[in-house]
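Below you'll find only one chain, the form predicted alone, shown as structure tokens.
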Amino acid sequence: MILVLDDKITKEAKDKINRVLSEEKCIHREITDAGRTVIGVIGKTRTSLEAFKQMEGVAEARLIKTAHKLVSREFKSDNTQVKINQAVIGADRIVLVAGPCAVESLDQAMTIAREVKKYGAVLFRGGAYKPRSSPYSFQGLEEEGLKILAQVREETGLGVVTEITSVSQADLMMKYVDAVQIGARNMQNFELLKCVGRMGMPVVLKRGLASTIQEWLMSAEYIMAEGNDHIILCERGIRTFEPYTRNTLDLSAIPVLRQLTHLPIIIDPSHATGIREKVSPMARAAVAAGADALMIEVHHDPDNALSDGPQSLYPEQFGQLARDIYVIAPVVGKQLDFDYLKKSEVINGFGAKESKTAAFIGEYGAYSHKASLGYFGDEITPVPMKTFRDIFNAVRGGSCQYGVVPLENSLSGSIHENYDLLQEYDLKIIGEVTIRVKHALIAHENVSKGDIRKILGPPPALSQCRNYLDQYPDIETVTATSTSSAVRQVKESGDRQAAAIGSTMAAEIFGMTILEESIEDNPRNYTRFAVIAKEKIGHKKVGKTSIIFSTGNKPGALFEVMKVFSEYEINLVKLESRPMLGKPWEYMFYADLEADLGHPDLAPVMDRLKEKSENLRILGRY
């Protein structure tokens, strides 16, 4: 049963409800879901459903129809996010978990950890206790292995995940690691499930060798019934009649789980296939199907691995897979962030408690808001702004530490205002993020497309949906400042003949209905955002430099600058000209280069550029 509480419920009324549930010996959990306070009730109650509906402070009461109660979508519609060390699984950023099947030595674990971190992993996996089919196989280093995992975390910053095989190991797990894994063979070890439920730490729950999705969810229910909702479901392949791979990876489980549960999903293609060459294709497919994270076995010397060498990727293969995922992720609204851990260190100031903020254009639910979440995750507080200049002023004035501004769209081109503001303000580009823009037609509940008489949206969104809008010549288009503002205006107006172009995120935030998805003219609709700050903070590997420069008004002046890049084999990925402020018919040039112009090795390049240009400024190295 679910009790949805009234927004204005008094403390006395809530205490009375909890007292009734306790007296009737029911398991009950209070959560916030979609902005509402909800109490989930498990167990038979003497008080009837109708009686609960009549209680003071209860806005709604309804039964949960599924056998899995607390882990169901009926109990919680919002997606659960599980934090392990600095990584959040279930948010906009794809999490890579990588490491050997078994911890064999400190040198082995540290070598692999440094390699996988270099290529984008944010969590390290390795078995200290190894349940094996043969009693003569390597069984793990046990507590010594746990100590090695703790040392890996201390030296690399990677959170560590390992398998718990017995209730007796609970205290050691709490002491040494950040998350525990329930292996496939223990998925229905109910005493172990209840134990990790009481431990309260994040749990990776693997699907059993021949378990149905319903049985899997019921195992998760055991954990959550003990009070632990930090559960990640891991699909690792099921045993079928097919002998060409170790198991059959059930990727269809991903969309099924999305409908049935709010828990995040991680895919283990290593155990699913058991063959090194099959791991990367299945990992790529898993991300395309909507997985939140990947668990990949990696070993620097797999031929001599004590466990599962044939399915372990070499570090370089893992690096190539990470680059592939980086390209695939934006297509499904996700990001792979190679600087995930470094950002966490910088944002958190190595222990600083003050809140960090990032300014974005529009309102909550705007694509700029989504870009902010894609770059920073939930570690910063997004702050909406009315204009781009407001963002630059907020960052320069220090009221916001960061700003997120769009620079160019793959369909409608550059956002020239922001290039002009970069010229005007002495701020630094510290990073970038690219998101796919999928426009939806959004309206009030129970409204059909035939009812719509006007559509609201900002000019870029209207332009990007021109082919769709041309199908309805009688519908008026009305400009708004942003997509999220358009959705809010339709919501607040109550006009059932109005619709807005916006993101599915905005529809969820404002409680509106999506009439049609993906109405943009071209599915290759991406926007690149720059992240700006007063200064570059922290140290990381730089792969890109943005500069601004001007040349003399003489023939071949720009060519001379371009020739410098050609001579030093520096790839130019963006060149944009803009009028110089206060100087009619004179121009500044913006360029993005695939090089770190701040590196000492490229000092001659900077000297040549200064020689060939009249003004030169580095906007950012990131």
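Throughout, we count residues from 1 along the sequence that is shown. It should be emphasised that the depicted structure is a prediction, and the values quoted were computed from it without experimental measurement.
Another form, the form predicted in complex with ligand PEP, is not on view; read the next lines as being about it.
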**Study point:** Heavy atom within 4.5 Å of ligand PEP in the predicted bound form - residue from K428, K343, K76, H271
**Key:** H271
Study note, to complete from the structure: Assert contact residue (ligand PEP, in the predicted bound form, non-hydrogen atom within 4.5 Å, options R453, R185, R466, R198) equals R185
Point to revise | Non-hydrogen atom within 4.5 Å of ligand PEP in the predicted bound form for each of C101, R125 and K130 | key: yes
Exercise for review: Look at the stretches 103-111, 412-420, 175-183, 428-436 and give the one with heavy atoms within 4.5 Å of ligand PEP in the predicted bound form.
Suggested key: 175-183
Review point. Taking heavy atoms only, is K206 within 4.5 angstroms of ligand PEP in the predicted bound form?
Key: yes
Review point. Is there a non-hydrogen atom of E163 within 4.5 angstroms of a non-hydrogen atom of ligand PEP in the predicted bound form?
Key: yes
Review point. Even though ligand PEP is not shown here, does R236 get within 4.5 Å of it in the predicted bound form, heavy atoms only?
Key: yes
Check your understanding: In sequence order, which positions of 289-304 have a non-hydrogen atom within 4.5 Å of ligand PEP in the predicted bound form?
Key -> E297
